[in-house]
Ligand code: ATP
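So this first bit is one chain, no partners, the form predicted on its own, shown in structure tokens.
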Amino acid sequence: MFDITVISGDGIGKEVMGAALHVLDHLNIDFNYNFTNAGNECFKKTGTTIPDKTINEAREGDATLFGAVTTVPGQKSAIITLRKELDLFANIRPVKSYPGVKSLYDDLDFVIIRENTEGLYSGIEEATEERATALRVITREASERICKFAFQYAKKTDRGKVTVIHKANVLKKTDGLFRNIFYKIAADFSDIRTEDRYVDAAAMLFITKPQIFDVVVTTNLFGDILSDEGAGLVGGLGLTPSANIGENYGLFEPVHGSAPDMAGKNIANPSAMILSAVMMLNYLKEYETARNVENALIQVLIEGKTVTPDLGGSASTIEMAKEVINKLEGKL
């Protein structure tokens, strides 16, 4: 049995989470769900977007499933807080084309690995009446572990190249450190090809020649921006899952927002949440089951009959999830 901490959040987070749990409930695996809260609705009830109880629940579980939350300006970010508290230093964002989905490219399968704890997202800022300053923090320790993680991920998943993306020609100290550490770590993985790209050139290549990428490793802000660009290549955020991984914990979430304007309509695409659950299954070493769920979703996408409006259909969120379950029959 696996203990799963479930943070549905608010907006469409509750709907897509319900769909994903419906799929998980039909697997031959025992899950014990511990439901807890975060986000704007949580703030209205408790005065905080992320209670200590939620953080503790995430620490105690085998993995955490996170839906989507609304973050109001001035509020503490629930997801960034969880990443820091659980030291989830690696963010994994697949950029993968799925058949049956209208996208710019139908042959992409690469992964962005983003350092998740520092950079400009360290949140160290100060302001006067005349100017505001943000401190970009790049440390040797964080750079070494994310670069090592990227190479280990490439080796584990039989990928042959790791690209480091940076801006060391301008940010000579911070990105210079990150790039140099990348090549230091690369020396221990001589069987994996390496290259480095400036972030502006990489952004262009994402559009013009994305097939050249395999595993990408980069700093926090660059990874955040490029990940959304990557999602735009393969059908949008509704198809894009993510994993936040640390030494001891794993948290899995779709990368779309809470879309308050869609909340309650039961039309949100559950694919990213289901694929995030697939990433969780892989994390839990339930590899065959993860593959079966992903393949079932692919069949639903190919048929295009029971899909949500953004995918050209008229199905509800839960109807699409039920169709994934139908495809799973006989596979488990």
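When you see a residue number, it is the position in the sequence shown, counting from 1. All figures in this text were calculated on a predicted structure; none of them were measured in a lab.
Just so you know, the form predicted together with ligand ATP exists too; it's not on screen, but the next bit is about it.
Discussion item. On the criterion of a non-hydrogen atom at 4.5 angstroms or closer, are I92, S242 and S276 all touching ligand ATP in the model of the complex?
Written reply: No, the candidate spot makes no contact with ligand ATP.
Worksheet item: Any chance S143 has a heavy atom within 4.5 Å of ligand ATP in the model of the complex?
Response: The answer is no: S143 has no heavy atom within 4.5 Å of ligand ATP.
Worksheet entry | is_contact(I12, ligand ATP) in the model of the complex, heavy atom dist at most 4.5 Å | So I12 counts as contacting ligand ATP.
Discussion item. So in the model of the complex, is ligand ATP close enough to P210 to count as touching (4.5 Å, heavy atoms)?
Written reply: Judged by the heavy-atom cut-off of 4.5 Å, P210 is well away from ligand ATP in the model of the complex.
Worksheet item: Does V69 reach ligand ATP in the model of the complex if we count a contact as any heavy atom within 4.5 Å?
Response: Result yes; V69 sits at the interface with ligand ATP in the model of the complex.
Worksheet item: Of D158, D261, D107, D188, which residue is found within 4.5 angstroms of ligand ATP in the model of the complex when only non-hydrogen atoms are counted?
Response: If I apply the 4.5 Å criterion carefully, the residue I get is D261.
Worksheet item: I181, I138, L86, L237: which sits within 4.5 Å of ligand ATP in the model of the complex by any heavy atom?
Response: It is L237 that has a heavy atom within 4.5 Å of the partner.
Worksheet item: Among 128 to 136, 69 to 77, 161 to 169, 148 to 156, which stretch has residues whose heavy atoms lie within 4.5 Å of ligand ATP in the model of the complex?
Response: Among the candidates, contact is made by 69 to 77.
Worksheet item: What residues in 295 to 312 sit within 4.5 Å of ligand ATP in the model of the complex, counting heavy atoms only?
Response: Result: D310 alone.
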